[in-house]
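The data below hold one chain only, encoded as structure tokens and taken in the form predicted alone.
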Amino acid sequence: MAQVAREMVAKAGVNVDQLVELLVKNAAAELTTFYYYTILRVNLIGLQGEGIKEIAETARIEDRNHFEALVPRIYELGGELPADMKTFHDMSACPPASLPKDPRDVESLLHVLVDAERCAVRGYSQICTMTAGKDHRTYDLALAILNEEIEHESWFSEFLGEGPSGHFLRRGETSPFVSKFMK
């Protein structure tokens, strides 16, 4: 644990235990979303599904990257991941992105995807608000993840016809905002 890091965050007025709890819950959401998006992506078939598969894959890989980027900060602040995977799954900040009853209903799949991204946007916005001007490292990390989650939400919401977002699918690059935390 980086004792000085935890001490400085606490001195800045952040409830470190509450922050660590949020980070762990969001890490759980990222890892479980990676798992559920794997299942969703496999079920994106047919003319409609194939058009969404690449975007779902990018979001899936980036969610895994978000998990990987969060883990060091959790431990730096004196936290840890639960030893039991089921406990970890069940503490997720977001509900499972489970397959809809009819896995061939692409619009229902899109609603699952966009709802998962919207939950993530809310979670990282909360962490940014809590750490802004107080915990620069966690704020920077949460902001980087938030930027990617907003893009994911925009991609899926465009497929639902909710309007243009101005965001484009990344070609050959994943996690442009979070990659600096993964080195």
Partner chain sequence: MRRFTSEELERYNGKNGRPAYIVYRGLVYDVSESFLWQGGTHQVLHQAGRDLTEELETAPHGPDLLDRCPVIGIILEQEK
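Numbering follows the first chain given and starts at 1. All figures in this text were calculated on a predicted structure; none of them were measured in a lab.
As for the form predicted together with the partner chain, it is not shown, yet the points below apply to it.
- Site annotation in the model of the complex: the residue of 96, 82, 72, 103 reaching within 4.5 Å of the partner chain with a heavy atom is 96.
- When the partner chain is considered in the model of the complex, only one residue from 48, 154, 126, 38 comes within 4.5 Å through any heavy atom, namely 126.
- Interface membership of residue 89, defined by any non-hydrogen atom within 4.5 Å of the partner chain in the model of the complex, is confirmed.
- Mapping the unseen interface onto this chain, residue 22 counts among the residues with a heavy atom inside 4.5 Å of the partner chain in the model of the complex.
- Heavy atoms of residue 136 never reach within 4.5 Å of the partner chain in the model of the complex, leaving it off the interface.
- Residue 53 falls outside the set of residues with a heavy atom inside 4.5 Å of the partner chain in the model of the complex.
- None of 145-153, 118-126, 58-66, 39-47 except one has non-hydrogen atoms within 4.5 angstroms of the partner chain in the model of the complex; the exception is 118-126.
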